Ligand SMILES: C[S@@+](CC[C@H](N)C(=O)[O-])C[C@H]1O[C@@H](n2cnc3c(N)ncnc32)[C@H](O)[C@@H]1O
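Take a look at this one chain, the form predicted on its own, written out in structure tokens.
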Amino acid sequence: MIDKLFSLLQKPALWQRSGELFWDDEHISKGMLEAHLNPDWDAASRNHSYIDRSVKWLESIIPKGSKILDLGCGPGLYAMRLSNAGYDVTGIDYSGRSIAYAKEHDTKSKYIYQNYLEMNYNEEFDAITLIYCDYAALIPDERKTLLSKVYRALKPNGLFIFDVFTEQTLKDRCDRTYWSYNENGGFWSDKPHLCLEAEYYYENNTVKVNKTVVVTGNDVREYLIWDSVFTKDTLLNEVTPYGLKMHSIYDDVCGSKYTGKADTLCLVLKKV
């Protein structure tokens, strides 16, 4: 176990994935659902007043009655609001717990328990959303897969609406490590556990990984959560080869005027 622990404490290779469940872990998914449902937290989802403003803006750019696909829908916070506003909504998420909650509380929308990188639609949707910077949590090959599948799933002239973090969010860019002991359990485990956490930066500090090593008794688990930041140009350079052209750009998914100085940027892309 000591050898495994020492190997896990090393800086991971760029884009390395861990083999542990995260979104669908039996214990972690409880904490994630709690974070989604807390109306005041900007955690798994943004706070609920922000979501209300975001949905109102989405209504202004997506014609009523449109078919919408909400990727990474969680417990249906956006999907339910959009369904209530008169849209035909399908939500996809890889957390069985969140999907079960969504199905129980929203019978208007259709919910699918699936990794959205494995979806297989053909010109079925007028709009597709991917909100709260999930795009940048994917590694490059996954983003290529996503863009290809989004293009195929959209009807002609359909819209893909998503947001990413910008360089404004990475002002203190230095590798760091820290640890904590959770005697009564916590987010990562319901058992007493030691958490060894680190932040590492790559690609001229435009890519970050949050690494967490969780030690419980004789068990050691590693979780790697990647994030990339973008500028308008770097993001457009990445998405335009897939047949998606810029429709409009904003500072956030509430439709704030684009300044290039916000922590996020939101692209609305159109299938051509």
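A residue's number is simply how far along the shown sequence it sits, counting from 1. In this text, all values refer to a predicted model and were calculated from it rather than measured experimentally.
This next part talks about the form predicted in complex with this ligand, which is not shown.
Although the partner is absent here, residue 228 is not a contact residue: none of its heavy atoms lies within 4.5 angstroms of this ligand in the predicted complex. Although the partner is absent from this view, residue 207 stays clear of this ligand in the predicted complex, with no non-hydrogen atom inside 4.5 angstroms. At the 4.5 Å threshold, heavy atoms of residue 36 reach this ligand in the predicted complex. Within this chain, residue 128 is remote from the site of this ligand in the predicted complex, having no heavy atom within 4.5 Å. Contact with this ligand in the predicted complex, defined as any heavy atom within 4.5 Å, is confined among 174-182, 69-77, 154-162, 189-197 to 69-77. A single residue from the set 117, 139, 100, 85 has any heavy atom within 4.5 angstroms of this ligand in the predicted complex; that residue is 117. Taking a 4.5 Å heavy atom cutoff to this ligand in the predicted complex, the contact residue among 104, 134, 124, 167 is 134. In the predicted complex, this ligand lies within 4.5 angstroms of at least one heavy atom of each of the following residues of 29-45: 36, 44, 45, in sequence order.
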